[in-house]
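Just the one chain here, laid out as structure tokens, in the form predicted on its own.
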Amino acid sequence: MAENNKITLYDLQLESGATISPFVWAIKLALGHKGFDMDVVPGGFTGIMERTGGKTERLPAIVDDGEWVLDSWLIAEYLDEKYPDRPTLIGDPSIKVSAQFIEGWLWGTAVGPWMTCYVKSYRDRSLQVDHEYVTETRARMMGGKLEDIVVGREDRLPQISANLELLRGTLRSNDWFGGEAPNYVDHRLLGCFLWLASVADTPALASDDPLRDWLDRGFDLYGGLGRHPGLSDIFGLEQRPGDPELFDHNPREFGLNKRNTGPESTRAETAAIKGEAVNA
């Protein structure tokens, strides 16, 4: 049992002290979900092996009563197994499968493209000692100078926002991916947006984006874990002439997220498909 209700977490931080890793963010939320306090070990990309005594070169990592647990999925599974009397993170194994699918979609749709927009800020906000490492590794990963990679981001950001409609559609009819309360699916996805807030030096989403309600509630979870003063406001992107709509202002409901309870429930949809007027 965690001594004094505390679990040690090895963090990955920026100069501001805000967490930069979406995976560490997910575990911070997971520990909050389980009701634990955190004894945070600070640090950046440089010196992880030294800080952890050679246990790992990747974070997050936790230590619970002397037991080391690595990897953000393994940590969540460990917390559920060791503390089944506390609120469940994953529950049914199918939740992990669904989470990995939607998280993979989010990385391909937004996180990767956002990285091309914010990689210079990602480097500039890192600890000074990390600048050389981040510059070299991200330039190698992304195939160019960081200053060149971000060029044209003002044209890319509106399309990235528009591409998030699948996420908006789910959250228009559900409070959380966990249903009535958040679960580890929410934590994984919120971790991506908390990463965005850690590096965004210009807004990524419209001020009235429908995602804002879920994100605000998610950032407020567990005593406001996502309200670190080092995070940026990700809202405020403005649509320019020629940009795609930043989000669908008039979403239509189809079979993916609407129940059929008889002809009346599908009347408007059927009329739209046939090009007919809807009778009052």
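Take the two forms, superpose them, and find the largest set of C-alpha atoms that agree within 1.5 Å; that set is the rigid core. Note that the coordinates shown come from a computational prediction; the quantities given were computed from them, not determined experimentally. All residue numbers are counted from 1 along the displayed sequence.
Not pictured, yet referred to below: the form predicted together with a further copy of the same chain.
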Legend entry - Of Gln100, Gln159, Ser207, Thr202, the one that lies within 4.5 Å of a further copy of the same chain in the predicted complex (heavy atoms): Gln100
Inset, instruction - Identify, from the list Gly152, Gly112, Gly91, Pro87, the residue with a heavy atom within 4.5 Å of a further copy of the same chain in the predicted complex. - result: Gly91
Legend entry - Which of 193 to 201, 161 to 169, 144 to 152, 118 to 126 lines the interface with a further copy of the same chain in the predicted complex (heavy atom within 4.5 Å): 161 to 169
Inset, instruction - Could you confirm whether Thr56 comes within 4.5 Å of a further copy of the same chain in the predicted complex, counting heavy atoms only? - result: yes
Legend entry - Contact label in the predicted complex: Val41 to a further copy of the same chain, heavy atom within 4.5 Å: no
Inset, instruction - Classify Ile273 as contacting or not contacting a further copy of the same chain in the predicted complex by the rule of any non-hydrogen atom within 4.5 angstroms, answering yes or no. - result: yes
Inset, instruction - Would you check, heavy atoms only and a 4.5 Å threshold, whether Ser21 touches a further copy of the same chain in the predicted complex? - result: no
Legend entry - Residues of 128 to 164 having any heavy atom within 4.5 Å of a further copy of the same chain in the predicted complex, listed in sequence order: Tyr133, Thr137, Arg140, Met141
Inset, instruction - With both forms fitted on the core, give yes or no for whether the Cα of Glu269 moves by 2 angstroms or more between this form and the one not shown. - result: yes
